[in-house]
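Before any questions on binding or motion, here is one chain by itself as structure tokens, the form predicted alone.
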């Protein structure tokens, strides 16, 4: 395969001439698809454009006594979750957090807790709780619907911070129909959970025993556009060919019998991968309409904690950082030189993140510290954040070369677009959070789509007997 492509599993992966499924992308969806297939299909290989596994699951170490998550950080919901089943099976622990914990209104420099919410906050929550009653056709935005319902400017700002930012976008980009679909499809419960270890442990467990080839960027995929259900996965040897071929950035070619594409939506939208034959017009239309914005995480490291021990999160209408949090682990995992250090994370999405990405880093840091000084200052210490500040780390997800954004959100796509994106085309299958028909961009949503794509492969082809019983 060439010297620049490396095997994560130690040694060059064996590409058996029979029964090979190739998976493009080693994020949660791709690894889960491989995990489901590896004991059923003769050969499963995952190709990954970047130099590491996990996709949007990334972390940075060496700043505080634990790894800081740069991508997803929380487990959203504990019910009906494939992710929580894994966590329980592996004997890992989680800790429940109350969200939102606090609200800080930067315009008036006042705050409240989730137990004594202001009338404006209550009205915003009621609007989203009753979203199924809100009228809105394809193309209708949540911001327009709130304005039509008589929401004040402050209520719209609260919705921007508490809902749009959490969904990974801005309020005027959120679509009513997809938001309703998300509401109807959410069956995971409302718990906010944090794992007792870095999410890299999840990636390592998913990737165990799987052939993964990193620095292997799929540039062209040739596939059979029509397959009869129930046909054999392996093309008859007399023909001497495979149904599919993937060509990488070096011109190297991987022959296989089926392909599962799990790359982020932006990679499909930007045309990084050429398909032959071209994808159906309906699928290309869905790709263009489903939306994914960007996110910036601002990690600020301090010599010691200056916020109340009970504090962990705040939504901040009119603040430079719309949401901040300070998570910690009971058992630090690092050297003594980092002992005592703590971190506060700012989370910014949508148009605010795009504007922030254009700012110099020193301005981002100074504006963030000013907000924290304002929030936690006292007569004893007016600028506690600035006084305790040590260092920072800024993660702009739009700059991640093989991701270029955060995650898909309830947008103004047409009804059925996500199903069109997920729908297989002959020997070509699709997974990834943007294909989730329940509009679930969370970790369990990505895992579910990988599992569904694997099931689609097994349903389409004759692969070794009672395959679905092994899932």
Ligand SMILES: Cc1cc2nc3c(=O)[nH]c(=O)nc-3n(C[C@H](O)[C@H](O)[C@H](O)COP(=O)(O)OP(=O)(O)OC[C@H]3O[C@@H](n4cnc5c(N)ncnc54)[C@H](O)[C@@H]3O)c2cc1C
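Positions refer to the first chain, counted from 1. Remember, predicted model here, so these are calculated numbers, not experimental data.
Below: the form predicted in complex with this ligand, not depicted.
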Requested in this report: With heavy atoms only and a cut-off of 4.5 Å, decide whether residue 38 touches this ligand in the predicted bound form.
Outcome: no
Checklist entry - Is residue 446 a contact residue for this ligand in the predicted bound form, using a 4.5 Å heavy atom cut-off? => result yes
Quiz prompt | in the predicted bound form, residue 54 touching this ligand (heavy atom, 4.5 Å) | solution = yes
Is there any non-hydrogen atom of residue 65 lying within 4.5 Å of this ligand in the predicted bound form? no
Assert contact_stretch over 125 to 133, 303 to 311, 357 to 365, 397 to 405 against this ligand in the predicted bound form, heavy atom within 4.5 Å, equals 397 to 405
Assert contact residue (this ligand, in the predicted bound form, non-hydrogen atom within 4.5 Å, options 290, 273, 176, 121) equals 273
Among 254, 343, 206, 218, just one has a heavy atom within 4.5 Å of this ligand in the predicted bound form, namely 218
| message | When this ligand is placed as it is in the predicted bound form, are 48, 76 and 263 each within 4.5 Å of it, taking any non-hydrogen atom of the residue? | response | yes
Applying a 4.5 angstroms cut-off on non-hydrogen atoms, the residues of 341 to 358 near this ligand in the predicted bound form are 347
